[in-house]
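Single chain ahead, by itself, as structure tokens, in the form predicted on its own.
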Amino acid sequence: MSQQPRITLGGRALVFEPGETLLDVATRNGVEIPTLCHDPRLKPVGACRTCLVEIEGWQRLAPACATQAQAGMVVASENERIDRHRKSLLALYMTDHPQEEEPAKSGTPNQLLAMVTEFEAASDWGRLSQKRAGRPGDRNPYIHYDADSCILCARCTRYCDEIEGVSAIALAGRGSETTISTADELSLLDTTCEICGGCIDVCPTGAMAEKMPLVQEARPDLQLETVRTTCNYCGVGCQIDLNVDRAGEDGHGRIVKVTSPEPGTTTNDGNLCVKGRFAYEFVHHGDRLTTPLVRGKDGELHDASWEDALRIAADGLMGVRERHGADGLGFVSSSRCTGEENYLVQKVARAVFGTNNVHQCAAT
């Protein structure tokens, strides 16, 4: 039996599977290597250079995210040379990056600023004016781009290309003027963008942010409570995290935004569609029904108790069956219901009323 190939990382002998990168091996074994541009769903590009490691016999430091493990490699992820590199790199990032976190501006934790603090990198190497153009005239109501906070890690553009397959945004311009843009600088509404918001989700600095919380001057993410639930827009069952301001709506709580759970933790793998991510305002809409309504003899709908509403509905269904037979009835449920609820609807149709006239929109 052949022995599984190994590398030595930080003095530990670690096995690896063919094709795994050094970052894959490190992550799987609990060795933390910082990175800003890495996303396990995307092809590695080594753009941010924060994950550089030292490999015995190699002249230059190598990006752990883009270097495949090879049998016999001796790798260091922590030493004086790597520490010096990280501090210099982060200090250079900070020369044209906002110096202090502005939660009210983007609301999203800034991983670069957190990394500067963790590795005690300097933030006083002088200031350069950043030359990346923003898109202030973009009339799309959902996605905001803050060029000042962008570090050009390209997670957003790679997600748009590799995961969504629409390439609505891309790196544009050259040199220090490189920015995130669209074809002919069109609004996202006039491009192939599906407004999934995945670019917001993968951005490590908050340069890509959701517009609605910014306009509403909502509390920053760190002051919100996260509530895991299931999206009710279709039958796929994507898991979503409601970010709730408990003090909103006079203490009843208000949903500030919807985010996706970490990739690899739920079936939707960190992805959401436009409805799942942005269409949550109905929860607090003034026209939302909060009590059953029953049409009275005057032809108008009136508030009713659940007991009265259920009794009247049952009487109506029984009356139709008595007058026209069981197949005079038809039951239509919704993909916005859970699987259990849809099961109960067909059970009521078949077992209680004796008809197979039952359908659910997700079945077609």
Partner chain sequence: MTDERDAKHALPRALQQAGGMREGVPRRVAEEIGVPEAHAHGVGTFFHMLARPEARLRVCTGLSCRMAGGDRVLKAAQEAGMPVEGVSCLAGCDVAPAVLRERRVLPDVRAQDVEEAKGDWQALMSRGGLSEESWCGHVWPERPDAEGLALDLHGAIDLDGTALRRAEEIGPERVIAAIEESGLQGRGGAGFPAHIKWKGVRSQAETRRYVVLNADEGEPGTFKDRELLVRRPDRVIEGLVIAARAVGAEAIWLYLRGEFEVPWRVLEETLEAFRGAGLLDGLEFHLHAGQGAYICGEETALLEALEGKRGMPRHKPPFPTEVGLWGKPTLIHNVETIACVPGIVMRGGAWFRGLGREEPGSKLYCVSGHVARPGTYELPLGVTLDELVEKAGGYVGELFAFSPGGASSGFLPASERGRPLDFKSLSEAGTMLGSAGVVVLNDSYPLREAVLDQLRFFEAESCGQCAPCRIGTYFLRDALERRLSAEANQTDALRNVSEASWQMNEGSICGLGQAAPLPLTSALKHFPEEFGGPEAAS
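Numbering follows the first chain given and starts at 1. Only a predicted model underlies this, so the values are computations on that prediction, with no experimental measurement involved.
The form predicted in complex with its partner chain is left out here; the points below concern that form.
*Asks:* Would you kindly say which of V244, C273, L92, A76 lies with a heavy atom within 4.5 Å of its partner chain in the predicted complex?
*Replies:* Result of the distance check: L92.
*Asks:* Heavy atom within 4.5 Å of its partner chain in the predicted complex: which of R228, R139, H252, R84?
*Replies:* By the 4.5 Å criterion, the partner-contacting residue is R84.
*Asks:* Looking in the predicted complex, is its partner chain within 4.5 Å of a heavy atom from each of E120, G198 and Q223?
*Replies:* So, no: the whole triplet misses its partner chain.
*Asks:* Tell me the stretch among 294 to 302, 25 to 33, 331 to 339, 58 to 66 that has any heavy atom within 4.5 angstroms of its partner chain in the predicted complex.
*Replies:* After filtering at 4.5 Å, what remains is 58 to 66.
*Asks:* Report yes if any heavy atom of D184 sits within 4.5 Å of a heavy atom of its partner chain in the predicted complex; otherwise report no.
*Replies:* Judged by the heavy-atom cut-off of 4.5 Å, D184 is in contact with its partner chain in the predicted complex.
*Asks:* Please check if L128 has a heavy atom lying within 4.5 Å of any heavy atom of its partner chain in the predicted complex.
*Replies:* Yes, L128 sits close enough to its partner chain in the predicted complex that at least one of its heavy atoms falls within 4.5 Å.
*Asks:* Give a yes/no on whether S88 approaches its partner chain to within 4.5 Å in the predicted complex, heavy atoms considered.
*Replies:* Result yes; S88 sits at the interface with its partner chain in the predicted complex.
*Asks:* Would you classify E164 as touching its partner chain in the predicted complex, given a 4.5 Å non-hydrogen atom cut-off?
*Replies:* Heavy-atom contact with its partner chain at 4.5 Å: absent for E164.
*Asks:* Of 151 to 182, which residues get within 4.5 Å of its partner chain in the predicted complex if you count heavy atoms?
*Replies:* The stretch touches the partner through I151, L152, D161, S167, A168, I169, A170, L171, A172, G173, R174, G175, S176, T178, S181, T182.
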